[in-house]
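Just one chain follows, in the form predicted on its own, and it is written as structure tokens.
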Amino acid sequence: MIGPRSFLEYARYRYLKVSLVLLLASMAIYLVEDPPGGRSGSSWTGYGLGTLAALMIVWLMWLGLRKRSYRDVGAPLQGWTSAHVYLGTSLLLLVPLHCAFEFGVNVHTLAYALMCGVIATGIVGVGVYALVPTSITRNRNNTTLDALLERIAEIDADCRVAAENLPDLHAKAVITSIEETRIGGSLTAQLAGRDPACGTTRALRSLRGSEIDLQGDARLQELKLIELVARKELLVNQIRRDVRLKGLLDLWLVLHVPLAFATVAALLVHVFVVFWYH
């Protein structure tokens, strides 16, 4: 039985082949050309490869809009993503061919450096999307996040009942668990996946360290309460791991998207400077 294929394998690596053909053709043109003034970004080959690279960058930016379109028209999203990865990576060589590998401290090199940043964060994103979704599925253990949250709400209700007729220490522990347990929060808190000051953890520690000597039914009720809070702590930690993993899915975009727009801005300046001074 053949499992689901990655977007990298889309249509038998169609866009990997397209990218390789594109690069081989560009390298052949670059090597064959022998302009009078030497190879440079100002030669006909340089202008041609530069125009191709610029159009590719603008086209690859379109994926951000395509991802938000749910209409079943054109190439499937998996195909767009595959093209985005392979064609985007090919720019690492295509752009140097365009400028004949001439770099310096200028806006032209800045545009290339920003583009390299976009590609680097994109590669990280590919790795994240290859690994994290599987980890999320494994962490949830065939359930949903909403179901986990509902189970916590049920445990909180059971804890209130279990704490009835017990000393104030137990009731305070339940209140601490309910009111001082935080999930999510800032990006740093989400990525940490833990909360050292977690109300549920402190409540469980308080209950287990209680020096109140209960007997009979009260002791059984106390043990039940401790078991409930311990189960809640496991669920809270499970949800925090889920939030952390989903945060990782979005973290690379925090760098990737701004770098992509910065690259386009630098590209526009590059094009303006080239044509203004030539």
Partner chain sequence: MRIRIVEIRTRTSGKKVRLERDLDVEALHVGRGPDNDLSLRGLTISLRHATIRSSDGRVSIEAAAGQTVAINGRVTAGDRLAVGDRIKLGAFELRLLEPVRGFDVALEYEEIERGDDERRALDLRTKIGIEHGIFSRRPLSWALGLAVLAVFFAIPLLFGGAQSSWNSGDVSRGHAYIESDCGACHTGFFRGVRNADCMACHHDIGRHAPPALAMAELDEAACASCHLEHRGRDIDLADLGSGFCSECHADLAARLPETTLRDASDFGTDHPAFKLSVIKDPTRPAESLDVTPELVEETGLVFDHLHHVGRAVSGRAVSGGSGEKQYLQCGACHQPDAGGLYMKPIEFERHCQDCHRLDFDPAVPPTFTPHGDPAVVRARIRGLYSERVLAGDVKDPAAPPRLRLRRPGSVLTPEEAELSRRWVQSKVDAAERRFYDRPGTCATCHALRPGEASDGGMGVAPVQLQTVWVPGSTFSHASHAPFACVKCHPAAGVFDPDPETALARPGWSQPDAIPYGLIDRDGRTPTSERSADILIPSIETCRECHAGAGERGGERVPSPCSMCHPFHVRAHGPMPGSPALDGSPSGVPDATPDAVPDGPADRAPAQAARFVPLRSAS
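Residue numbers count along the first chain shown, from 1. The term rigid core refers to the most C-alpha atoms you can superpose between the two forms while keeping them within 1.5 Å. All values reported here derive from a predicted model rather than from experimental measurement.
Beyond what is shown, the protein has a form predicted in complex with its partner chain; the following relates to that form.
inquiry  = Between its partner chain and Thr181, Ala262 and Ala265, in the predicted complex, does every residue show a non-hydrogen atom at 4.5 Å or closer?
reply    = Result yes, every residue of the spot touches its partner chain.
query = Would Leu55 sit within 4.5 Å of its partner chain in the predicted complex, counting heavy atoms only?
reply = Close contact is absent here: in the predicted complex, Leu55 is far from its partner chain, nothing within 4.5 Å, heavy atoms only.
ask   = Just to confirm, His84 within 4.5 Å of its partner chain in the predicted complex by heavy atoms?
value = It does not: once its partner chain is placed as it appears in the predicted complex, His84 has no heavy atom within 4.5 Å of it.
query = Hey, in the predicted complex, does Val174 get a heavy atom within 4.5 angstroms of its partner chain?
reply = Yes, Val174 is a contact residue.
key: Contact flag, Asn106 vs its partner chain in the predicted complex, heavy atom cut 4.5 Å   = Yes, Asn106 lies within 4.5 Å of its partner chain in the predicted complex.
ask   = Looking at Ala192, Leu77, Ala153, Val124, which is the one with a non-hydrogen atom within 4.5 Å of its partner chain in the predicted complex?
value = Spelling it out, the residue with a heavy atom inside the cut-off is Ala153.
Interface residue in the predicted complex among Leu204, Ile136, Leu166, Ile119, criterion: non-hydrogen atom within 4.5 angstroms of its partner chain = Contact residue from the list: Leu166.
Residues of stretch 212 to 238 in contact with its partner chain in the predicted complex (4.5 Å, non-hydrogen atom) = If the 4.5 Å heavy-atom criterion is applied to its partner chain in the predicted complex, 212 to 238 yields nothing.
request  = Inspect the rigid-core superposition and answer whether the C-alpha of Gln238 shifts by 2 angstroms or more between the shown form and the other one.
outcome  = No; Gln238 is a residue whose C-alpha shifts by less than 2 Å between the shown form and the other one when the cores are overlaid.
task = Classify Leu214 as shifted (yes) or not shifted (no) between the shown form and the other one, where shifted means its C-alpha moves by 2 Å or more with the rigid core superposed.
result = Yes, because once the rigid core is superposed, the C-alpha of Leu214 moves 2 Å or more between the shown form and the other one.
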